[in-house]
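Taking the form predicted on its own, here's one chain by itself in structure tokens.
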Amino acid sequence: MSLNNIRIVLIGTTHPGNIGSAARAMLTMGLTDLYLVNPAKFPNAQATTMASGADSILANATVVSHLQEAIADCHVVIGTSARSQRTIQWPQMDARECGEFIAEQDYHNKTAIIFGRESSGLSNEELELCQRLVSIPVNPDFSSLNLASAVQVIGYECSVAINHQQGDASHDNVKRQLVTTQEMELFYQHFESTLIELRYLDPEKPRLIMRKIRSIFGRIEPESTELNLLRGILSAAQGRKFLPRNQRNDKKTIN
């Protein structure tokens, strides 16, 4: 993994100074890829001032309207959250474990680390787009941590882990190349439409079925060939659902 393959995504940042401070923290740790989702004010002179020389990060920052746009070409998506997830347990890590996890990724796998709004963090819908969650252990009696500090801590752990890996000549460089978030979203749409056609999922009362499906495959992190296999199975299920059983040419397989 390279630091160049790590993308920092800031969602709905209210104060432009926080964007500038986050850019400064990024460049200090060797991170350069910044995406902004619906920032309140950007570009802005206060952001430039707080960047303290990290103008290149701001100049090359990409502004988008939706989180899906920011992570479409990413293979691994990690959300930052201090909240306990009761409904579904995403794999959770602390900042050091996050750095080590990212360092173990294939060189071609692009990783997005998502930071939510200053006041409310990430919404449930945004969390559903993440495969893992990361938190920063803080003093439980004073857990206030500003956005730039959070970016700096996680960026530091990523930098240390990646530099350590690159310095280890005996490290096994054979990694898994994962599919992009956009490919996974198409798979989830295919999965949902298949469940609806099979009458397993009621679109009027979807409950938490698709959220659980996302959680399962987020933990599996399939490769391209595995995803193609799964989509082939879904297509076969869609094509066979209308045939009477006696016309399906079912055959028993003997192993």
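Residue numbers here begin at 1 and follow the sequence given. Since we're looking at a predicted model, the values are computed, not measured.
Keep in mind that the form predicted in complex with a small molecule is not shown, yet the notes after this line are about it.
Listed stretches are 99 to 107, 67 to 75, 141 to 149, 157 to 165; the contact stretch with the small molecule in the predicted bound form is 141 to 149, by a heavy atom cutoff of 4.5 Å. Residue-level contacts in the predicted bound form: of Q131, T111, T80, T181, one residue has a heavy atom within 4.5 Å of the small molecule, and it is T80. When the small molecule is considered in the predicted bound form, S135 lines it closely, a heavy atom lying within 4.5 Å. The closest non-hydrogen atom of P91 lies beyond 4.5 Å of the small molecule in the predicted bound form. With a 4.5 Å cutoff on heavy atoms, E185 does not count as touching the small molecule in the predicted bound form; it lies far away. Not displayed here, the small molecule is kept clear of Q177 by more than 4.5 Å at the level of heavy atoms in the predicted bound form.
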